[in-house]
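Quick setup: one chain, the form predicted on its own, written in structure tokens, and binding and motion questions come after.
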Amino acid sequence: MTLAVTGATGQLGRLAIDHLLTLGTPSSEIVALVRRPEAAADLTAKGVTVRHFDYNQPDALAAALVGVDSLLLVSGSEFGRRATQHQAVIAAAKAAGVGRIVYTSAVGPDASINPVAPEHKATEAALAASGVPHVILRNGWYHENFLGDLASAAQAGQIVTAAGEGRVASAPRSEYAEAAAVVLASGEVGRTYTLTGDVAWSLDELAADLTKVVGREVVAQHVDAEAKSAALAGFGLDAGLVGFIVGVDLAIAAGELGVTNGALAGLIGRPTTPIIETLRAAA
């Protein structure tokens, strides 16, 4: 069975390939789909087939998918273009005869206020309309999304948040990638997973973890959305990025990222790693 992974030199896709190899998938059965094949020379050296695959070149996608049985469609990174890009991949997969798609979505996209949700909702709808058998992995937030708070914690002794008392059930990116590899190799179809960390923590608890990591007291400064927007704009961030960051805080405040259900731990076969371990490794 030939398993392909999009974005295979990116953060999640590369980890998924590493996990496929660790889990015992022969390298000869893995196809790495990448925008820049020259960046995947190490995968070629391991026996992985590397093919050029650019979400922005839809006419060339189907040829790269010929012979693929199952495809891990890792969501793209170009916000505002992702729905169109993903729909092009789905259409190409159907044209190439790909038997199954596993897609990395987001938690509760149908009714979410999270700014990432609309493009995931559109992609899930495209998958449903395509008729291609599929599995949807609704990934929660990554621990790594909070590594930017390390500098603020170390320099100012605070993190500024508009998330209120909301909680985040995050997990390391590698564990989401491992779950994706498990599902991709399983052949399962017709299921939607909501994948999150085992522990839902508050921003005050994140500050306590940062205190242990950076060696000085760190507190969470709770502000409203307008105050955080003004602060971010004052640092020179453009309006779109400000809206995205504050929108995530508001989704946390609404309880959207605090879901815990054990599904991620079940797929990887162990408890998820606490966020303090990721913070320590980065620091």
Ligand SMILES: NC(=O)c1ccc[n+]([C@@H]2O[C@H](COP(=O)([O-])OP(=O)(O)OC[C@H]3O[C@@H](n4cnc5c(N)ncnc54)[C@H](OP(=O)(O)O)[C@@H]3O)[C@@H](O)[C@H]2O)c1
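These figures come from a predicted structure and were not determined experimentally. Start at 1 and count along the sequence shown; that's the residue number.
Another form exists, predicted in complex with the ligand; not displayed. Remarks below refer to it.
Chemist: Given a 4.5 Å cut-off on heavy atoms, tell me which of 271-279, 5-13, 258-266, 18-26 is the interface stretch with the ligand in the predicted bound form.
Modeler: It is the stretch 5-13.
Chemist: With the cut-off set at 4.5 Å between non-hydrogen atoms, does H222 touch the ligand in the predicted bound form?
Modeler: The answer is no: H222 has no heavy atom within 4.5 Å of the ligand.
Chemist: Determine whether any heavy atom of K121 comes within 4.5 Å of a heavy atom of the ligand in the predicted bound form, and answer yes or no.
Modeler: No - in the predicted bound form, heavy atoms of K121 and the ligand never come within 4.5 Å of each other.
Chemist: Verify the contact flag for K94: yes if a non-hydrogen atom of it lies within 4.5 Å of a non-hydrogen atom of the ligand in the predicted bound form, no if not.
Modeler: Close contact is absent here: in the predicted bound form, K94 is far from the ligand, nothing within 4.5 Å, heavy atoms only.
Chemist: Answer for R216 alone: is it within 4.5 Å of the ligand in the predicted bound form, judged on heavy atom distances?
Modeler: Looking in the predicted bound form, residue contacts with the ligand do not include R216, since no heavy atom lies within 4.5 Å.
Chemist: Using a 4.5 Å cut-off on any heavy atom, which residues of 126-151 would contact the ligand in the predicted bound form?
Modeler: N139, G140, W141, Y142, N145, in sequence order.
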